[in-house]
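Single chain ahead, by itself, as structure tokens, in the form predicted alone.
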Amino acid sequence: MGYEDFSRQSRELYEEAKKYLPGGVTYHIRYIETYPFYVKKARGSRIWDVEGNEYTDYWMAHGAAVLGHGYKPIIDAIKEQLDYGIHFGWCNEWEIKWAKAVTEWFRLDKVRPSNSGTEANMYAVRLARAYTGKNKIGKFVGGWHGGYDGLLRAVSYPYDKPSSLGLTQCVQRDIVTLPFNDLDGVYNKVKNEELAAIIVEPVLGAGGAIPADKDFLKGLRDLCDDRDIVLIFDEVITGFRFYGGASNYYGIKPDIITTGKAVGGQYFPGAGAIVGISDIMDLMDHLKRKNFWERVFHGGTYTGNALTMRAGYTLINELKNNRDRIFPYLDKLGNRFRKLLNEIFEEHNLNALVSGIGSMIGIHFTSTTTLKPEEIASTSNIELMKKYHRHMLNNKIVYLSPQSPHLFLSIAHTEKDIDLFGEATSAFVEKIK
């Protein structure tokens, strides 16, 4: 029995959705040929659709749910806060507790909340321009920083195509695209540019779970110091998948860290943060800069709402108080996952590259062995990856995207889950052989 046999109610819902939603979905990456399934419930590492089918989830709320779906301490805090109120439009004590927890977590001076990772990156770029007095922003091929015009370039292959309609040339000209994990290439691209900032994901997410080399990130830090460039780490995905974030894992301190998703406690919209050094963050300080035209604007109706702040504070406390249990376990699972897949692909002589670090995994059916997004994207067998995705879906194992698998583990996943993923992968490889 395949996907289309056990998900007929989802097919009916999709036909209804197409009447009201462009493409029938709220975000195109959630579409699955020939229709998506509709989730009703999530717990731990499992999700259930409207027909009661149970799936093992490796998408985990776009990577946010590092503690698994429905994590009880966070849910309990949310339930208690609901009795007090959700959003007041006034200051609340949880924004202070949250801010202290976030700045201590990332080892930076000050923070402001935003409503998403996209917003966080927008404000970070604005701060960098104000701080340096320069306009251009360096971003990496394959890097995804949300839907903000000022960073929406060279996201998906082919990288020379516009990432969206409706982008103006004046904005696009201020984005300088850079080669990931290629320090010489970066120096060559920026030598004649005046950059306000370089923004980088320490581990490319949408680009395929490709970790940066430590020397590469260190080289970026040195370059930014030499050229008066603000170094921004986009840690929307990595911020809570490593203790203290990827900046702590790599031992490199950026000027600004942006995050989203999990910083609001995994489950809530209205979650994002701009964390940075005081010299930059104080550009938003209305007490130090009385005139509005002399400071950087930041705001938002739902920024700092009590529910999101309390959930985010609870998440960070859980991660800190259980660090010796959570992070070694995630690393162990991730290493086991990558080792198992590599063994399966090598045994069957299938051209494949398994990337990732910690609890992030990327699977690429390609002949290249180089962890560069351009080479991986240009040589990947997209049709084979789509067949792999459908095979796993038939086995009620789910991840995104069909053409570029990048998966996230949580503490709710088990070694048995990984073994079952491996068994399903072995069956797929046998079938295509």
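Position 1 is the first residue in the sequence shown; the rest follow in order. The structure presented is a predicted model; accordingly, all values stated were derived computationally and were not measured.
The protein also exists as the form predicted in complex with a small molecule; that form is not presented, and the subsequent description refers to it.
Check your understanding: How about K139: is it within 4.5 Å of the small molecule in the model of the complex, going by heavy atoms?
Key -> No, no contact at 4.5 Å.
Review point. Counting only non-hydrogen atoms and a 4.5 angstroms cut-off, does R241 reach the small molecule in the model of the complex?
Key: No.
Point to revise | Contact test in the model of the complex: G117 vs the small molecule, heavy atoms, 4.5 Å | key: Result yes; G117 sits at the interface with the small molecule in the model of the complex.
**Study point:** Proximity of G150 to the small molecule in the model of the complex, heavy atoms at 4.5 Å
**Key:** Judged by the heavy-atom cut-off of 4.5 Å, G150 is well away from the small molecule in the model of the complex.
Exercise for review: Mind telling me which stretch in 306-314, 342-350, 96-104, 141-149 gets its heavy atoms within 4.5 Å of the small molecule in the model of the complex?
Suggested key: Comparing against the small molecule in the model of the complex, the contact stretch is 141-149.
Check your understanding: A273, A209, I237, I232: which sits within 4.5 Å of the small molecule in the model of the complex by any heavy atom?
Key -> Only one option qualifies, and that one is I237.
Review point. Does each of N121, E201 and K261 have at least one heavy atom within 4.5 Å of the small molecule in the model of the complex?
Key: Each of the three qualifies.
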